[in-house]
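Only one chain comes next, encoded as structure tokens, the form predicted on its own.
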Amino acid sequence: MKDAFGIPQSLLVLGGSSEIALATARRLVARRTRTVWLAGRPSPALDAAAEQLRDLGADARTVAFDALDCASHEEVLGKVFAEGGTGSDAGDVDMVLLAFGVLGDQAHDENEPLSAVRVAQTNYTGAVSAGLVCAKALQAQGHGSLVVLSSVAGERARRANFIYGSSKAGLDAFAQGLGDALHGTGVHVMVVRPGFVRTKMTAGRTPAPLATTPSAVARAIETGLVRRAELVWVPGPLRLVMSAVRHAPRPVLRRLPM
């Protein structure tokens, strides 16, 4: 169960080698979280992430999970909830952080439709599958939070990244609708919309205004959990910026250096 401040005792991360996810896990472990499942494709990075959390005192475990293998999600994730839920509800999975995704390469993907499809399937289809499986399990517990990493890129399609942006727009709408569907069940769904985050995935790309860091996103997630927020912008001022972008005429938007 979560403590009196809303911090989970146990955490399941989908996309366990994500820098944002790991920053969030480290922050939560430093507060109250004691058990962490890092779900992702087996790799040295996933093993290293688990070892980092163990060094902080967490019981960190890795789970072989492939976002694109939707047929396996119910079995793979079901085992985590079954393991976590043995005994009292103190063993339940208190929070799921859906953090997997790929940025893609817009110029390449426009000319290689199958590459574009992979971006869409990873960021949207895989997330829909995993999100529904976890939501069902959380609802069966009667409590827990599902935190979904969306992106400001989903707010308005732009020439520079409309393939990635469209996949995040779909994810964002899905997560908000899922939150409405679960309202009153004891399950809390929180959508997180970071702007440009300085990570290895974005290395070499020109940072957008109000660029942020994995640590800043982690802080915002913790604050959102405590407040039981449904939507979190990182950084906060992006909400006003994207409101203007959302309503900008298309000819104007095409000229913006974004």
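The shown structure was predicted, so the numbers you read here are calculated from the model rather than taken from an experiment. From 1 onward, residues are counted along the sequence shown.
If you look for the form predicted in complex with a small molecule, you will not find it shown, but the lines that follow are about it.
- In terms of contact with the small molecule in the model of the complex, the residue from M190, V29, V197, A50 that brings a heavy atom within 4.5 Å is V197.
- Exactly one listed residue, out of S129, S151, N161, S145, brings a non-hydrogen atom to within 4.5 Å of the small molecule in the model of the complex: S151.
- Of the candidate stretches 131-139, 94-102, 181-189, 74-82, only 94-102 has residues whose heavy atoms lie within 4.5 Å of the small molecule in the model of the complex.
- With a 4.5 Å cutoff on heavy atoms, F65 counts as touching the small molecule in the model of the complex.
- When the small molecule is considered in the model of the complex, L231 lies well away from it, no heavy atom lying within 4.5 Å.
- Taking the partner from the other structure, the small molecule in the model of the complex has a heavy atom within 4.5 Å of a heavy atom of M201.
- The small molecule in the model of the complex is not approached by R34, whose heavy atoms all lie more than 4.5 angstroms from it.
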